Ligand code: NAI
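The chain below stands alone and is given as structure tokens, in the form predicted on its own.
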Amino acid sequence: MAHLVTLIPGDGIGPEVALAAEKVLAATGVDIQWERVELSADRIRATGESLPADVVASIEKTKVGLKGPVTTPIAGGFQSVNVALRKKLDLYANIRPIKSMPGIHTRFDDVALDMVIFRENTEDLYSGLEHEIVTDVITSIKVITRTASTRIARAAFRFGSRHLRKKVTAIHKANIMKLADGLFLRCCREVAADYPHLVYNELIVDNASMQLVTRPEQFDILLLPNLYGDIVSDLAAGLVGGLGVVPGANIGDNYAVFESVHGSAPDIAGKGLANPTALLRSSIMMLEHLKEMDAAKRLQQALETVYREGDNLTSDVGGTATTDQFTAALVRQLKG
């Protein structure tokens, strides 16, 4: 079965890691027909839009996108590309698996970490509702709704049930924001009642952050509002090697966009130094979304083998290989 997928290479190292993903996915044998659309800082400046209409139209047609890093121009008044995309397509669930990889050395080498972060993606302080009450006095409005809180909670518990997870931890600051975070917790508790086979607990966000860097192995699924989710997901990525090796997905009821969550790294663009691991692991999530489970499993195994052997790793994870050499090693593994 052929799958039509929107490809957004992005800018900086984006085109390099996107090309690597194309080659590796082709080696899995899955028939993917790419619809390429361009989105970069230069195009945003030229069009005056963070999200040009053809990008949205492509994803609305294909329903699935694979996205490299895109630079949002600084100090130009442009909305973040990621925020714009999530709001436009109602991609309300940001899903970030945090899993240890062989060959990547961290302070937690003796612990096999395997957690999944579910971050609400559409509201909270990211609603962008700010006002200057009087000169130099700004209010920024935090929006929490029952609809958004319930659907992200249900996405997390549904995932936990399907993937035989054991525990869901809701992260909050309801001791201070009693109404906003209080509503988020009430929604989480209501959904948890429908999944009695999953352990449910709650942690205040500052305590959760401390525990993440002292005893991260205790966590399974983390469920968070938008702002806390943004911060905690990057913190957790640091436990397993950084943003360059973790995947990400933005999923709604109708569309799904899988992306590398690292920056565009223009300083190394075109030098063959880029590590495509984050986009490749996001591609694994995409394959699972497309119900190509065997290909997803084989790609995960190939990636782990290349990392375990260590001969073809890029410099950011301690190797000396180029992007092309790393990609070729993966293709060899997949083709046997």
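Don't overthink the numbering: it's just position in the shown sequence, from 1. Source: prediction; values computed, not measured.
Note that the form predicted together with the ligand isn't included here; everything after this is about it.
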item	value
Complete contact of I98, Q211 and P216 with the ligand in the predicted complex (any heavy atom, 4.5 Å)	no
L66, heavy atom within 4.5 angstroms of the ligand in the predicted complex	no
Interface membership of G244, the ligand in the predicted complex, 4.5 Å heavy atom rule	yes
4.5 angstroms heavy atom contact with the ligand in the predicted complex for H172	no
D311: touches the ligand in the predicted complex, heavy atom cutoff 4.5 angstroms	no
Answer range among 148-156, 259-267, 201-209, 161-169 for contact with the ligand, defined in the predicted complex as heavy atoms within 4.5 Å	259-267
